[in-house]
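This document opens with one chain alone, in structure tokens, the form predicted on its own.
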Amino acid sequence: MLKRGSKARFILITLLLLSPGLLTFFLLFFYPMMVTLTRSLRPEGEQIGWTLEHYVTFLAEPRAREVILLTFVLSIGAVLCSVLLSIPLGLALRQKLRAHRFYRLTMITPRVVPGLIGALGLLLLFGSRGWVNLFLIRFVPFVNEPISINYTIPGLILFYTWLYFPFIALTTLAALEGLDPAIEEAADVAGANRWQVLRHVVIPLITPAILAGSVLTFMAAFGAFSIPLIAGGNHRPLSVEIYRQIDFTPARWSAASARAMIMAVLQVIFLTIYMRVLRRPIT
């Protein structure tokens, strides 16, 4: 009886400790998700009845595939660019360069600046009369006229990378700084050159950190709203497409909810595949 009482007390204490987290999960995620799912299955403007019309209508539209493809292109592009920037930057900063604290602060600046303000600033910076184009025209040979960056897909990927790059950069830098230098020294003594040490020792050891940062980057970029709304022009990913549905008078909440559920399902499916692929051993 004493053991049963102790076990019951342990279960009760565990539930009490978990209750704040479970309540938060229910209020901030599960309940809103269920409301969105229910709304997506209701006829527009009705509180009763069930229908798949909003899903079928959107997926049957020719531009639906374009919207979904654009959302993935922007998100994956931001992840790839962020990874390619994070590794060399992390390798440089772990050497404790002069003013390395300033560089670290600069890395996290995009996450401090609100997305709307950042989007407007990037439009001005990369505009036809912005500093970037003025620099290119003045100092780069064969560039005689402004380069179109704003309101283009490459420009959006560039803006996404600027905004979400810190997720991968910080996790990669933390992993690099946590590596034991003796591991790289052992590979060097064994005859490996710098590229082989990086390819076969460093990269595999920091892959979990890159994976964690890239997942955060993908999730944030997949649901990005401020930058594509302000700087996307005619290029509208799923988040902006959802907003367009509630921008009507009257608002199309059921149609917007159906698009939001499609967006959530696509995100979960891609992340599952992505994590499985990246967790395979690197040879």
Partner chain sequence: MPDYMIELRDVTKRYGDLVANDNVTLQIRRGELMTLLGPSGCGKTTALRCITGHNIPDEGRVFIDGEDVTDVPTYKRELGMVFQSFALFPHMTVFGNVEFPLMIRRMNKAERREWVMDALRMIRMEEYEDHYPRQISGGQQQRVGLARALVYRPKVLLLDEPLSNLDAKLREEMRFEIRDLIDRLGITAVYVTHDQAEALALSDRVAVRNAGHIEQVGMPDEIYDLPQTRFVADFIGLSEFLAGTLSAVHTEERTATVAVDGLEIHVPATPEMAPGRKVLFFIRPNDIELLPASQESGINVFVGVVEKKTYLGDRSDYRVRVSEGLELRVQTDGKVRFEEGENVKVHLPIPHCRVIVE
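Superpose the two forms; the largest set of C-alphas matching within 1.5 Å is the rigid core. For clarity, every value in this text was computed on a predicted model and none was experimentally measured. Numbering follows the first chain given and starts at 1.
Keep in mind that the form predicted in complex with its partner chain is not shown, yet the notes after this line are about it.
For the marked spot (Gly191, His200 and Leu205), a heavy atom within 4.5 Å of its partner chain in the predicted complex is present in each of the three residues. For the chain shown alone, Ala186 is a contact residue for its partner chain in the predicted complex, at least one non-hydrogen atom being within 4.5 angstroms. None of the heavy atoms of Ser148 is located within 4.5 Å of its partner chain in the predicted complex. Once you line up the core between this form and the one not shown, the Cα of Ile183 ends up 2 Å or more from where it was.
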